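As a starting point, one isolated chain is supplied in structure tokens, in the form predicted on its own.
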Amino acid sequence: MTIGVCYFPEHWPSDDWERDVERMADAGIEYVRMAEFSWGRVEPARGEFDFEWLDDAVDLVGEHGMAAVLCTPTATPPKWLVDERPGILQVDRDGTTRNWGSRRFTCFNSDAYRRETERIVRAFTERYADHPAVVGWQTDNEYGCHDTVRCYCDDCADAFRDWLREKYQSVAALNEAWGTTFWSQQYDSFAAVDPPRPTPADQHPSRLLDYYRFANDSVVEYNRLHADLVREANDDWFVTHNFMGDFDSLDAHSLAADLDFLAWDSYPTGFVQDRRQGDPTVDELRAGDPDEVGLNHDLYRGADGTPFWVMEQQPGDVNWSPHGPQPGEGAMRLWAHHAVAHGGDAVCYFRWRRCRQGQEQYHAGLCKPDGSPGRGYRDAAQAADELFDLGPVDAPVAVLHDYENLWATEIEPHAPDWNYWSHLRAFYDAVRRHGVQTDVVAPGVDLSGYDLVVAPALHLVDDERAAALRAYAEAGGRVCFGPRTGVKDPANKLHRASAPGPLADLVGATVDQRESLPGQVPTRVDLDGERYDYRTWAEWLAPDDADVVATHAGGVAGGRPAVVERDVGDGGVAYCGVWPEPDLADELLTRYLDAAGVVRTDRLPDAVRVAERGGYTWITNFGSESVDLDVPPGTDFIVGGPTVDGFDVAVVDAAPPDLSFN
């Protein structure tokens, strides 16, 4: 478990580098990531390379006992390249060219850009193939940020047609799969299919979903080019990529096969402002939402326990969120511990020094522009001193997350406040509020090692997926489905049978009716004599071979089943037909955790989370108020003590269920 930092020596006079690198080493930093946006500095004109400055920086890192992680610099090609090859630029849906002047403006399907990528990546990797300080590479930077996964240029149009030919073989098969008789949208050839550019009304949902799949596959191919070139130069290097939090348009699972592990960029106080529903609390503006950050940790951790990295950790205030509050005292240390508790092996702060130029001048660094330590430096140094080596996370619960289901429900949200991530977290948060480690996995993974599987919106379901879930339940597993499950086939068409379609026999019920509701409509269910709130989405169910757990408390659906469950083989299945608010989610998920034999805590204080890894339990306090912790006699505190202050952390050698809070 270790701490790293992102460094941009090209932003500073070379006289500063020795002092910077020496201070990194003094802080206990072990990894230094460099060169991700350096193409123009390394190659100021075609074929004229200047690597000497980067050589010096890498040498310094090695001389001070640290390791260098280098990056392929393709997110920011230089102006001379765009002037030579303007066809590499992306095009928006409305035909507007995305011009040079920031980053991520190139097309993944441009053959010209792929050739230029191969040329510059080969130059970088061959240069450092034998350098002892270089241990691994990050491919490119944040694929798809700024809404750039999907391009609509002519190169993409041609590539999309080829992608469809390979998938469907005949245009008749495409027409059948999509259902193009609606609004006379039939195609007479693959050449007639264009990217989904602006139309007066909504686009055909099947066409959109396939375009999203195609664009994703384009990124996978582009990333594979990088990974292959890195390994060709030195197959001892690791290869990773830095993904983003709650990111919609790129399927991180699909890139995993070409990477040694996944990394992501964590900015907790920004995330609660720009990618989460509702207004953040004051404490969340200082430290973020532990479950929003935690879900992304668990998403990027491998289902087989493969650790992840936080390649960019927020070091202070940030420039890109609506507001830039200073994190709470100690929050930057708290985030490092929280990541390690969820299975992280390295936390790299972004960046070393606040930059004096360009678009990120209001983004903090661990140090101030003059190189003196900032608040983040002290937190990073303390975390580096406290962290220790651990084995992988062992999670008894899996939450199924699938990007194609995300895309399908966002294409047709059927409610202005439908949000896939928020809905997923309604179920995920309930598990985490009871101290249970959770894997966030794609539906196709082997589920046999989990005691409980939670599937909040398994929207696209075919017979094969239904059969796998049935086999899991019959073998003793427990499954909790959420609403909008089994509604459509993989082509994004409604099943002929009522939802949950191929899962109906497993669930023992079908969806009689569904509705989406605005906030002013009362939405409640009755369960065991108590009344609980839900929001946004409601289904009333028609049980066939299932027991009713909860019924709708009023409205058109009053008295009709809202939640059902049944035994299946040695296991069981439940179907929750509403989007549960926290109290209902807790009531249901604790019921199924207990039925599955998963050991859990009582409901934790709102801002406190616990997580066990390698026989140690982390107690992380994302609130400003202190909490008092009771532990069994003989328990050792590895970090902290029985009073966990605001934005503080404790680590003990006890299991989560043995802890209690005053």
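If you're wondering where the values come from, they're calculated on a predicted model, not measured in any experiment. Quick note: we count residues from 1 along the sequence shown, nothing fancier.
The same protein has a further form, the form predicted together with a small molecule, not shown here; the description that follows concerns it.
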Query - Segment assignment from 199-207, 385-393, 137-145, 278-286: heavy atom within 4.5 Å of the small molecule in the predicted bound form - result: 137-145
**Report entry** 242, 438, 405, 523 - the one with a heavy atom within 4.5 Å of the small molecule in the predicted bound form
**Finding:** 242
Query - The single option of 161, 104, 470, 363 touching the small molecule in the predicted bound form, heavy atom within 4.5 Å - result: 363
Query raised in the report: Does the small molecule come within 4.5 Å of a heavy atom in each of 12, 30 and 352 in the predicted bound form?
Result: no
Query raised in the report: Is residue 379 a contact residue for the small molecule in the predicted bound form, using a 4.5 Å heavy atom cut-off?
Result: no
Query - Partner contact for residue 51 in the predicted bound form: the small molecule, 4.5 angstroms, heavy atom - result: no
Query - is_contact(residue 267, the small molecule) in the predicted bound form, heavy atom dist at most 4.5 Å - result: yes
Query raised in the report: Applying a 4.5 Å heavy atom distance criterion, does residue 80 contact the small molecule in the predicted bound form?
Result: no
